[in-house]
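Consider the single chain below, provided in structure tokens and representing the form predicted on its own.
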Amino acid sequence: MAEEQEKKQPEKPELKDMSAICPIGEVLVIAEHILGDLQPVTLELLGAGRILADKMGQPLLCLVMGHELGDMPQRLLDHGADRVYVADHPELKNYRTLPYRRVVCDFLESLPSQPHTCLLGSTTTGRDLAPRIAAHFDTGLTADTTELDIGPYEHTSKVDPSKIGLYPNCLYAIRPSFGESLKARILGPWKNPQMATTRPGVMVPLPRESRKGEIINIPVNLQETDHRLTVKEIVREVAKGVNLTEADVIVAGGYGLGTQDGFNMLQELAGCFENSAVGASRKVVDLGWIPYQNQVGQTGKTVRPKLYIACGISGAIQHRVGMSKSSLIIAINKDPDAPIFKFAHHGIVGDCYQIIPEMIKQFKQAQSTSGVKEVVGTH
């Protein structure tokens, strides 16, 4: 009888410790403001950055650029930063790519060692500035992330043998892929700073508390080539109502409303609440029923209100990406099999044009007695 020979599994090679390639270090948040108005995404980044910095036992840094910034540096400390670096110069009052790039690159090169992580908002400004910084330092950049973490990475690819090894402290930049059917974990372990931009409305800011820290002024040394672009005038379109990302209550409409006029009804429902706004799915935005600034979803805004009322929205994955973290989701739809009912906290099967007027009536009655805030708080 022939003896069976066990197949030996190849031994896993011992991976070289590559911690010296991208050692742990500080986390840097690059602040964003418009005309002295600190943008909410910066506070969200400080909240996320605080978690990453604490995980590595390192300080959280913040760089703010502008002119006559007032108490903004202290506010950044109050929201979690350990040290705030301030670049104050008249040429930095309004954002321009080249001067801001110069200040950031000069600042990073002046440090004894590069921060482990550098974070910016996935905004018009952040998307413009971040790749220029990454290109200057020849480092990796992940755009539009929704989650951040620090963890190990075993690189075993033989394409570049010099990089094979264990990287114990990599930035995990996580973002949805294939309409959030999958999550892609993107790593850039070859060099610090490891960079990412994050979507506004995704990360959770720390509450503002009186915190102590350092505020350090840094020099601004612009060069002639940084002035190739001159801002002659800034024209801003001021949106009416509350910003979607700052609203406590969002009433959103989809194609199931059947007509553009349905949004007048949603506006009335939203008016029953303080700090409310009207949102929409991509399809009705594409149809021109409502402006793009109201769009919620993968190609729109990411929101996390206390109450989200979805009216005539099927609940496609692309829309879910933008609102699934809402504290309370109420869905109204004629179709009992609509995907949105699978993740909504409460669902109402029926005609929006019958249900919403009754909701408006009930909310207004509650407002006149106990107040809308109590209605929201008690679900």
Partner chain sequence: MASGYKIIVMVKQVPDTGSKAGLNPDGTIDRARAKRMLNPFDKFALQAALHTKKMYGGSVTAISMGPPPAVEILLEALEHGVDRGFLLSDRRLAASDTLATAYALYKTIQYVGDFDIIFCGLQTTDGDTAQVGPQLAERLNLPQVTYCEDFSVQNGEVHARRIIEGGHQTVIAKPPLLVTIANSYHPLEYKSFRGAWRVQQLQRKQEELAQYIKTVTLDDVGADPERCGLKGSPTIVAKTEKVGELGGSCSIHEGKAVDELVKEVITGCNVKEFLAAGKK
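Residue numbers count along the first chain shown, from 1. What you see is a predicted model, and the numbers here were worked out from it, not measured in a lab. Whichever C-alpha set is largest while still superposing within 1.5 Å between the two forms counts as the rigid core.
Quick note: we don't show the form predicted together with its partner chain, though the next part is all about it.
Heavy atoms of no residue among Asp54, Tyr85 and Val251 are located within 4.5 Å of its partner chain in the model of the complex.
Of the residues given (Gln298, Thr245, Asn294, Gln114), Gln298 alone sits with a heavy atom within 4.5 Å of its partner chain in the model of the complex. This chain is displayed alone, yet in the model of the complex one of Ile21, Leu15, Ala366, Ile24 has a heavy atom within 4.5 Å of its partner chain; that residue is Ala366. Taking non-hydrogen atoms only, Arg320 approaches its partner chain to within 4.5 angstroms in the model of the complex. In the model of the complex, its partner chain sits within 4.5 Å of a heavy atom belonging to Leu141. Interface membership of Arg236, defined by any non-hydrogen atom within 4.5 Å of its partner chain in the model of the complex, is confirmed. Mapping the unseen interface onto this chain, Thr123 counts among the residues with a heavy atom inside 4.5 Å of its partner chain in the model of the complex. Heavy atoms within 4.5 Å of its partner chain in the model of the complex map, among the stretches 76 to 84, 147 to 155, 202 to 210, 258 to 266, onto 147 to 155 alone. Relative to the superposed core, Ser324 undergoes a C-alpha shift of no less than 2 Å between this form and the one not shown. For Thr42, a C-alpha deviation below 2 angstroms is recorded between this form and the one not shown after rigid-core alignment. With a cut-off of 2 Å and the rigid core superposed, Tyr292 has a Cα displacement that reaches or exceeds the cut-off between this form and the one not shown. Note: the CA-CA distance for Ser327 and Ile150 expands in the model of the complex relative to this form, by 3 angstroms or more. Put simply, Tyr308 and Leu45 spread apart in the model of the complex: their C-alpha atoms are 3 Å or more farther than in the form shown.
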